[in-house]
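Only one chain is included here, represented as structure tokens and corresponding to the form predicted alone.
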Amino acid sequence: MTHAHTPARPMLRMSAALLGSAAFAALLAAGPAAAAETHGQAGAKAAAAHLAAGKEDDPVVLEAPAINPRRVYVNDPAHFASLTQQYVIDGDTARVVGMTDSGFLPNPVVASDGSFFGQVSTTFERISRGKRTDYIEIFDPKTYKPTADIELPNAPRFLVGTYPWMTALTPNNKTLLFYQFSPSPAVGVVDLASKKFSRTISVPDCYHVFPVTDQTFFMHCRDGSLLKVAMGADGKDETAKTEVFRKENEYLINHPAYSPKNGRLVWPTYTGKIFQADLSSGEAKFLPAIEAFTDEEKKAGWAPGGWQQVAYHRGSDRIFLLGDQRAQWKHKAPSRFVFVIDAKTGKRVKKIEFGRDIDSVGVSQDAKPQLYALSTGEKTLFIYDPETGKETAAVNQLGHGPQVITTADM
């Protein structure tokens, strides 16, 4: 089944089910009996049985279940491929409930209330060459139909490995902010309500975007400070730098954790020193730094590692940091462990052993959260109970090289 689309844009793809209604009902009824098979294998078997029996098999496209904090978005940049995909997973059932196609190095976003999800993406006229188009797509989380398609002028996106917080939504979910690197550092402002690109805000040599209010956001600057940007209604923006909070040789990883709901920014270094800032007041309050590893562990080579190395759970005020024993400058290599740390006291709560290489970590924001561990190599999202450290489910066959986990800060 195909859907109308412009040549420059990847086609939206529905999950669920191009199985017939009767076949899909049989698949759901199979339940645990089909657990040993992949979803695709079980679905094909159910469809074949109904067709062989001569039963009615009218194709139907289903809607996704109601949104909750355990909706997980897994982005697959496919090792820098020109055409990529994002998988949407229901954490409760460990099933892929939908997927969207996208272009080169997309940056995913999810509304804080789960009311929509989207991506800032890039396509080329001839797949990997020709005229470049940067654009924003917004999707309905139940039907997966696009509700907005906004083209960005002059191809402004920063095309870099898919880093969270290079694109962000303001707390009211009405404005999207994206980072521009060339010809000079800037932040693009897009009005999602009117579905239009608004303007560009020039900034110093600063990166990442952390919205605090609907008109204010922070960025991290090369000199070790944060930059506060206040967007003026008349286009007259104000910027101010905070104190320098880290030393020049304290190298921050590229993927901090941030909760717009309570303004907590969690940012580890290559060695496991964790800087935190409370941005909730609209000003940056730097909290005491935490050391994730003891001096003895550091001497033994313990350090953070992976692609998306840290997650933060707002309700429990806990940090989840991927770590393993590794050589220096191997901070992008996967880890076999996650360290759970009390963000207030800095004390280690526990160490969970995955027993496999994990590249990215995430956590749902409900009272009894799920811990998400993504293996790029296995193309699988593993789901854990963070209290027991036990694996509860896994979702495999997630594209070519899935790397980024996104959840709603509900």
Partner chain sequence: MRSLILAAALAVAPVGAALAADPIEVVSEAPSGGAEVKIAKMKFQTPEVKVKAGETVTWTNTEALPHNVHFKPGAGLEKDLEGPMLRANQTFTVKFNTAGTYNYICTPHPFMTGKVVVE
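Residue numbers count along the first chain shown, from 1. It should be emphasised that the depicted structure is a prediction, and the values quoted were computed from it without experimental measurement.
One more form of this protein, predicted in complex with the partner chain, exists but is not displayed; see below.
Q.
With a cut-off of 4.5 Å between heavy atoms, is D92 one of the residues that contacts the partner chain in the predicted complex?
A. So D92 does not count as contacting the partner chain.
(Q) If we define contact as a non-hydrogen atom of the residue within 4.5 angstroms of the partner, is T147 a contact of the partner chain in the predicted complex? (A) Although the partner chain is absent here, T147 would stay clear of it in the predicted complex, with no heavy atoms inside 4.5 Å.
Q) Using 4.5 Å between non-hydrogen atoms, is Y251 touching the partner chain in the predicted complex? A) So Y251 does not count as contacting the partner chain.
Q.
So, S115 and the partner chain: in the predicted complex, are they within 4.5 Å at any heavy atom pair?
A. No, S115 is distant from the partner.
Q: Just give me the single entry in T239, S184, Q328, S128 that has a non-hydrogen atom within 4.5 angstroms of the partner chain in the predicted complex.
A: Exactly one residue meets the criterion: S184.
Q: Quick one: from D278, D317, D205, E243, grab the residue that has a heavy atom within 4.5 Å of the partner chain in the predicted complex.
A: Only one listed residue qualifies here, and that residue is D205.
Q. What stretch, of 103-111, 254-262, 175-183, 281-289, brings heavy atoms to within 4.5 Å of the partner chain in the predicted complex?
A. The contacting stretch is 175-183.
Q.
Pick out the residues of 212-243 whose heavy atoms come within 4.5 Å of the partner chain in the predicted complex.
A. The stretch touches the partner through R222 alone.
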